[in-house]
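Heads up, what comes next is one protein chain in two forms, each shown on its own as structure tokens, labelled structure 1 and structure 2.
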Structure 1
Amino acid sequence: MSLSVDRDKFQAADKPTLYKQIRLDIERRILTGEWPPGHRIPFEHELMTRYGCSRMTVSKALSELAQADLIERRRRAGTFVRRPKFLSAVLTIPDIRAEITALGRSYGYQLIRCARRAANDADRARLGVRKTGKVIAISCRHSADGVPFAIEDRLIDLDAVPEAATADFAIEPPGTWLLHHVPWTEAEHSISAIVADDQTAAALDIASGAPCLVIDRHTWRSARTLTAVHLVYPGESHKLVARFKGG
């Protein structure tokens, strides 16, 4: 698989309005190193004479750059180029069903286990919650053109997501259902490598001892745990791609 990412925010070819030109001009100077980190950008009133516009227009360009974290504005002191965010990238992990069908391959889904139960100690540890409550535990397998693509092992906190009780996870994969029904605010991914044990190897139709890529994802809404998922992909044929595109 190739989880390719495009931050096409800047690809939108819109009309070059004045404030956008100013923004791009400053962005260019920062990214080419002409204005290195820490450099003080000309004051707003200098920029307004340079570009021949009002201060509000300059300010709008600077505000967007500040929101994008390229610059830092300090009252009385001025505006400064921030240290670039080195080595960070936007990693996008799309819904598996959507990803496979987008590639023009046939998506296959098999529910292996789906149990609704009171949370046991292991469940609570995985979800990071203290008090007892109900959970849904799901195991399933995704495939593309009949070939196993990933196996998924998921816990959903039923108290945080009561609507999940009405979903039919025999038909719709839980990730897809959650994506369309439950808004979230925070997610943490933990990516690691393992070798397939016999059970995993059988489920993914690979050799025992073959490498696998593992993604553990924990999802919250406003500090409330929603779901925890453990995904295992065959590791040699599958790659996660994260791409950062600036300017």
Structure 2
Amino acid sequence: MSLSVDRDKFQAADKPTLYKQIRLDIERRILTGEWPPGHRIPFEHELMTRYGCSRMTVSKALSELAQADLIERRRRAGTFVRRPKFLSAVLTIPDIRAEITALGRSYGYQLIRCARRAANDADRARLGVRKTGKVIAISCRHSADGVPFAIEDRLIDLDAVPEAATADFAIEPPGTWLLHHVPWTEAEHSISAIVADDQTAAALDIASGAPCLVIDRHTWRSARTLTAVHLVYPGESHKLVARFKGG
């Protein structure tokens, strides 16, 4: 993908802040998905030509992006947009659509509710942030071969993920969209079990009081919460498997 900038604007900038403008321009391309995970960043000499600056200025901008875990610099290969990291060797952030498809089953998706609103105290508490402006609250259902597979209740912080405001979650599941468009650096799973209340039972087409598996997950980038999601699965048809190796 070509890199086009207003070179005069960058040349006119004060020298102490030039690297910050370069960093913000590259960061914007990453966070909007213009440069997706795995995309190669132009080489330093290309950036020097584009922005009309020294190698030291470019290097400083790239170093800050690397410290923020947005890019990774590979010796001899170049610099790339960082791909999402797994939480650990045995726990990953799954793409439910890909997970169902990999089982050879037909994936179905139903958006139940999607609301963009000003964050309230409950939203901030759930995201673990003191201040945020707007959020997107999403409820949806995933199915496999026409049978309910999981229900999802998700909160996305629009201050941290502004590009989510233009995503069409009526067509693409939020988890799938986030994994393909938003780099993240840390995640946490909390796993528990519940018995289905009437509302949950109806959504999953199971008996009221049936056991359910619950996964609550938070995802961060550089200490800023991106999203919090609450997933509920029918207990009798879902399990988690982790395989370990000794040191």
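FYI, numbering is relative to structure 1, first residue = 1. Under this definition, the rigid core comprises the largest set of C-alpha atoms superposing within 1.5 Å between the forms. Keep in mind it's a predicted model, so treat the numbers as computed, not measured.
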**Item:** Of structures 1 and 2, the form predicted together with the DNA
**Value:** 1
**Message:** Given a superposition on the rigid core, I'd like a yes or no on whether G209 shifts its C-alpha by 2 Å or more between structure 1 and structure 2.
**Reply:** no
**Item:** Post core alignment: A77 C-alpha displaced by 2 Å or more between structure 1 and structure 2
**Value:** yes
**Message:** With a threshold of 2 Å on the C-alpha, tell me if T57 counts as moved between structure 1 and structure 2 once the core is superposed.
**Reply:** yes
**Complete:** Between-form comparison on the rigid core puts the Cα shift of E27 between structure 1 and structure 2, in Å, at 40.6
